[in-house]
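Only one chain is shown below, in structure tokens, and it's the form predicted alone.
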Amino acid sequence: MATTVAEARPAHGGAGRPANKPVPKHGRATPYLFLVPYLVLFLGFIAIPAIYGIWISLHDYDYLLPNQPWNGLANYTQLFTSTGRDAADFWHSMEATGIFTLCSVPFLVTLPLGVALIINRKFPGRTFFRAAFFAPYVLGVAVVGLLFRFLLSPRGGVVNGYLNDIGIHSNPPWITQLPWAWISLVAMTVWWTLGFNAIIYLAGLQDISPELYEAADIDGAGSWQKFRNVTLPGLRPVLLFVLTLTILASANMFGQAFLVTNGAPANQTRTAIMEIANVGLKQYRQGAAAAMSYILAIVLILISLVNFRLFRTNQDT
């Protein structure tokens, strides 16, 4: 009797290995070996410094001195007492951080989405505009800060010069008085980082199946209905990522305020990171600065958890 092809073919897997042969023990460890470089970096640059930072926050730490006395939770408790040495300045800087975050995040979440919707369409020069929107993000904060200080300087600044040329002689104090200082810091941050969020949105838009839009067209849905019922649900994970990342980045703002306003006027724009740097690097009180940084970290963790909770609730409903 003739043997069929199926009977004559050996029972091998796709890689030439018999289908029922067990995986070698050394092969099971291969995925973990690929994780070793990341694990080393994580331990060396995140986990160990974080634990060491907690130890520093529990001491009256000054790296210039041979001894760092233990003071327990004193660095934390003094931030929550009215007579604490750093309480007023720290919470004032936290307030400034909150103002900047509340003012910048809505623009950094909505404007990049609009840009992504535009550059996701097919039109001549689309690649150029994608690169143009992303280009400012590759600049360092020092370059952006010095550029905007040159543009917005109240004395001979380019912006006020152009305003005078067109007959507006008010000369707004862009970086020396409120609310102009906040307007300047938010505007430069939006211009600088808008492209990054737009690229993330663009990747999310391209991951939405075109068949969903075709089905919406068949149902007679308009542009707004497609955006509301197809685009936004498809971008939900991306929105969560962008919102959380933007809040964290805005709450850690340092370079813009340091280079453009230097905390002016009267430390009104001195953010929490600026205060932490001032206490730790200028006053040489690393223990107090570490305590401030962990309080800020706890606040940001709670905000992130709230974001995840809200998005999950909306998704469930």
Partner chain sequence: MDKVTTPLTRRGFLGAVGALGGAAALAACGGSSKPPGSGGATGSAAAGKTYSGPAVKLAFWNGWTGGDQPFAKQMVDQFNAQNKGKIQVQMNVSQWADFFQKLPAAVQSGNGPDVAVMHIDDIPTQAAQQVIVPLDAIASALGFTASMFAPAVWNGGMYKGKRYGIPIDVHDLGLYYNKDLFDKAGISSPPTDENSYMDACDKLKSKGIQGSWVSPFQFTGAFMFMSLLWQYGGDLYNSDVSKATWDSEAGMKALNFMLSLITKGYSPKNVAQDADFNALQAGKNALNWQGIWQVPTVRGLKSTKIEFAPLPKIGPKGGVWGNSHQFVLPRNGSSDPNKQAAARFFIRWFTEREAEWAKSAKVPAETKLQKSSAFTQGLSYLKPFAEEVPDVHFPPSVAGIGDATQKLYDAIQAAVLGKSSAQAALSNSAKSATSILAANKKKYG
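Quick caveat, the model's predicted, so the values are computed rather than measured. Residue numbers count along the first chain shown, from 1.
The form predicted in complex with the partner chain exists for this protein as well; it is not shown, and the discussion that follows is about that form.
Whether Gly145, Thr231 and Arg236 all lie within 4.5 angstroms of the partner chain in the predicted bound form by heavy atom
No: none of Gly145, Thr231 and Arg236 comes within 4.5 Å of the partner chain in the predicted bound form.
Would you mind picking the one in Gly220, Gly72, Pro124, Pro210 that has a heavy atom within 4.5 Å of the partner chain in the predicted bound form?
Selected residue: Gly72.
Just one of Ala266, Ile46, Ala29, Leu35 has a heavy atom within 4.5 Å of the partner chain in the predicted bound form. Which one?
Residue within 4.5 Å of the partner: Ala266.
Segment that reaches the partner chain in the predicted bound form - one of 210-218, 196-204, 170-178, 95-103, heavy atoms within 4.5 Å
Correct option: 170-178.
Any non-hydrogen atom of Ile54 within 4.5 angstroms of the partner chain in the predicted bound form:
Residue-level check for Ile54: yes, a contact with the partner chain.
Does Leu248 reach the partner chain in the predicted bound form if we count a contact as any heavy atom within 4.5 Å?
Result no; Leu248 lies far from the partner chain in the predicted bound form.
Hey, in the predicted bound form, is Leu41 touching the partner chain, heavy atoms inside 4.5 Å?
No.
Can you check whether Leu259 is within 4.5 Å of the partner chain in the predicted bound form, heavy atom basis?
Although the partner chain is absent here, Leu259 would stay clear of it in the predicted bound form, with no heavy atoms inside 4.5 Å.
Of 54-80, which residues get within 4.5 Å of the partner chain in the predicted bound form if you count heavy atoms?
Heavy-atom contacts within 4.5 Å come from Ile54, Trp55, Leu58, His59, Asp60, Tyr61, Asp62, Tyr63, Leu64, Leu65, Pro66, Gln68, Pro69, Trp70, Asn71, Gly72, Leu73.
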